[in-house]
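Here you get one chain, nothing else, as structure tokens; it is the form predicted on its own.
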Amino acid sequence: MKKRVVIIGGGIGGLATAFNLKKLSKDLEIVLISNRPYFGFTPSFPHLALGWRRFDQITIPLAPLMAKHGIRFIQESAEAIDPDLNQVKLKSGEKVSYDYLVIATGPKLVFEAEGQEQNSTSVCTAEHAIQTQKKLEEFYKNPGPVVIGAIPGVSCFGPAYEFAFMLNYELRRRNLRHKVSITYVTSEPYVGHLGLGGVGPSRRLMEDLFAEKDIKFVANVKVKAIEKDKVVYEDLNGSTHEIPAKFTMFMPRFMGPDVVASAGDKVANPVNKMVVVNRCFQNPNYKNIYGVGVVTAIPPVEKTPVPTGAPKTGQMIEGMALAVALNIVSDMRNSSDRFAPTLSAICIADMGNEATGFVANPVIPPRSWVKTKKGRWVHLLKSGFEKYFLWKIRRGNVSPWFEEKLLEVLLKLKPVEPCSDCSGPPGSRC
């Protein structure tokens, strides 16, 4: 009888895990549960918000895709997990049993600053990006001050930087830039920190880019409220300040969704409700439960005056997915082999007609090396990668041989490494 792997989440982590499992073993029944009917390429959501992409250009319907690759697809919300009975309860009341469970839901978005959800915008989902695009079209008719940034506890800063640079380019293209001041306000102790203690020269690079593009910045502060005409923040001395704003885009804080919290504190981190995992991204209390992607509880790399979290980039998530798939197959075959993702990161921040790229190995310090590049060719590389990744998803093979070899030869990046002891924290090396 085939073992059943249930995967909750139809994003990069969920699909990468499913396709890796299909490639590694024919003795598995794979069930993918997602409340969304489509896969969306998350790195292009800021482009969707600016109107540079259409929804159909960066999404793929899941039902025909899963059917094509022999994966059962359930389009429904997962409401609860019972780790003792090995069951996932769906919104309809149906209970889906599993031998192995992979939680790849993505985060629950927490709009914590007062008025943030009502008065600001986001680019974290395709739906949010479309709403942002509509608000921008109205804003262009009567422009004014713009404030972009991140509230305390945010772990994903890249889209905020990218949106600021891309909006700067779009305003110039529309001949409106002289009418709009742009300010970046962040919980990071300095610009370029990125929740990672900086990546090589990222602080100097971001300060130079902001100066070059006439974007002001305020770092190391707590955003307290986002109102219709201003942003209110508090500095480390407790003093309150206001910045006029006609349009705002702030990254929300990420937490684990309710379905993860339902599994109890042995699965969900008591503080942020994300999935508790070891360095092999296996839950230490329930060995048949794994976490992949943003929903995993990776601790901050350092304590900062205003709380910041550690980001999980696409490259990291693909490494997690491959390691989890390898570990499930090893366990199913009663093998002692275990694997951990190396968590190297490739990140490209688009700026319109150019881009800045970071490669960090590993992403969590201390690092072996860091590379940074900037130019029009980096912008073209990001556009090309979007098309390449969607091609990979349609093909059902997220880890083509030539890509693995290319990364290994050019950048010395390996997605996973053998691990004799999985008990360490996520991100630590074996």
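Keep in mind that what you see is a predicted model, and the values were worked out from it rather than measured. The first residue of the shown sequence is 1; numbering continues from there.
What comes next is about the form predicted together with a further copy of the same chain, which is not displayed.
Taking the partner from elsewhere, L236 is found to have every heavy atom lying beyond 4.5 Å of a further copy of the same chain in the predicted complex.
When a further copy of the same chain is considered in the predicted complex, K134 lies well away from it, no heavy atom lying within 4.5 Å. None of the heavy atoms of K230 is located within 4.5 Å of a further copy of the same chain in the predicted complex.
Among heavy atoms of W391, none comes within 4.5 Å of a further copy of the same chain in the predicted complex. This chain is drawn without a further copy of the same chain; in the predicted complex, the residue among G200, P307, P299, P143 with a heavy atom within 4.5 Å of it is G200. For the options K303, K91, H178, R333, the residue carrying a heavy atom within 4.5 angstroms of a further copy of the same chain in the predicted complex is H178. This chain is displayed without a further copy of the same chain, yet in the predicted complex the stretch 208-216 from 95-103, 208-216, 240-248, 151-159 comes within 4.5 Å of it by heavy atoms.
Along 368-395, these residues reach a heavy atom to within 4.5 Å of a further copy of the same chain in the predicted complex: S368, W369, V370.
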